[in-house]
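The chain below stands alone, shown as structure tokens; this is the form predicted on its own.
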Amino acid sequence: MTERHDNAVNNLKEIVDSIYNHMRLGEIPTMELSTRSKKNIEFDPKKSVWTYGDMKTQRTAKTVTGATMMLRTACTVQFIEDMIKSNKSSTLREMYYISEGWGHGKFNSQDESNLLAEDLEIMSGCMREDFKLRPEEDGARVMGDFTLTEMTKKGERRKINCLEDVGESGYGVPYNVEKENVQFQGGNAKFIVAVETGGMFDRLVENGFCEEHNALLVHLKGQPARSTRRFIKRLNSEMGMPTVVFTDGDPWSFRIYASIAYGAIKTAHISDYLATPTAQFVGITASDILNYDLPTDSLSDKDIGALNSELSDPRFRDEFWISEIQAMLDMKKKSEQQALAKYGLDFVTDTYLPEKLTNMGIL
């Protein structure tokens, strides 16, 4: 049991002990945690991340629903403790099915089990990775001259260079990227390019972009997994690697960038762990569509609604984003990063990215 896992168990036990002490004193058990609603989500301008405000919710066993939640909490904490002690892990989906054996404490849906896992993060001050709870989705693919060590299943540290020691798919980011599992050694890679699509990631790899420009390429696989965001955060803060995010030019891709740079509302309680506020956007913009005369698609009604919503989103409340979002609304067009192939397979690596990265001071 690592120090982080030991700390998680102790913090979770304090939650259950509080419930028990209430009952021992003949009191109705209660639990208090931050209110998880949009009204209680604040954007911290100093840290440039989403955080919870001061509003609190009190869970009580006065009702059957409340008492059931207390029982589920106790069962879940016991399940987590047993996993950690036996050095096992579970997906969130597996925990949902395992609860079938918890009698009245079983979950009625996976949404309930997922929300309780998040509640426990908030109340304990730990992350679900500390609980040995794994997501279903895979982490990122990584390619570039950067060496790290990863703990194997046999408890041995294995050194991996993300260029020389991997196949064409790159290094696969594990669900737990904390220091006890993944340690950074360094290499020639000097900055991170987080890429939305697999096609563009493969294009940059095939064209030798990481070798020519000493870049570490990270394939986000769409909306990035928590482990991916944590991996990028650690590289940025611990290794001092500047980060750029290369996405399609549409409102949903803009939100991918925002989740990396500023955090997401859903994970506001751990934004300090996941967000990289210094990350810059190098993806397709409305200006790019005009300047490079890129092929486009028309904005859908949902696209337009999302763009209008972003105009009031504090993560996009600066001159650059207001100008680009408004321009996209005016032209009613969007474009994919692979539209750059209009000018040939080498254009993105020979012209587009070098020009943009030079203007940003990265190259």
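One rule holds for the numbers: they count along the sequence shown, beginning at 1. If you're wondering where the values come from, they're calculated on a predicted model, not measured in any experiment.
Another form, the form predicted together with another copy of the chain, is not on view; read the next lines as being about it.
Colleague: Of these, Gly103, Gly240, Gly186, Gly167, which has a heavy atom no more than 4.5 Å from another copy of the chain in the predicted complex?
Modeller: By the 4.5 Å criterion, the partner-contacting residue is Gly167.
Colleague: Looking at Glu118, Glu112, Glu211, Asp272 here, can you tell me which has any non-hydrogen atom within 4.5 angstroms of another copy of the chain in the predicted complex?
Modeller: Of the candidates Glu118, Glu112, Glu211, Asp272, Glu211 is the one lying within 4.5 Å of another copy of the chain in the predicted complex.
Colleague: Among the candidate stretches 252-260, 138-146, 228-236, 186-194, which one is within 4.5 Å of another copy of the chain in the predicted complex when only heavy atoms are counted?
Modeller: This holds for exactly one stretch, 138-146.
Colleague: Is another copy of the chain in the predicted complex close enough to Ile19, Arg24 and Ala279 that every residue in that trio has a heavy atom within 4.5 angstroms of it?
Modeller: Judged in the predicted complex, none of Ile19, Arg24 and Ala279 sits within 4.5 Å of another copy of the chain.
Colleague: Does any part of Asp346 reach within 4.5 Å of another copy of the chain in the predicted complex? Heavy atoms only, please.
Modeller: Although another copy of the chain is absent here, Asp346 would touch it in the predicted complex, with heavy atoms inside 4.5 Å.
Colleague: Would Glu336 count as touching another copy of the chain in the predicted complex under a 4.5 Å heavy atom rule?
Modeller: Close contact exists here: in the predicted complex, Glu336 approaches another copy of the chain to within 4.5 Å, heavy atoms only.
Colleague: Though only this chain appears here, would Thr285 touch another copy of the chain in the predicted complex if you measure heavy atom gaps against 4.5 Å?
Modeller: Although another copy of the chain is absent here, Thr285 would stay clear of it in the predicted complex, with no heavy atoms inside 4.5 Å.
Colleague: Verify the contact flag for Val205: yes if a non-hydrogen atom of it lies within 4.5 Å of a non-hydrogen atom of another copy of the chain in the predicted complex, no if not.
Modeller: Contact with another copy of the chain, yes.
Colleague: Suppose contact means any heavy atom within 4.5 Å; which members of 213-233 contact another copy of the chain in the predicted complex?
Modeller: Those in contact are His219, Lys221.
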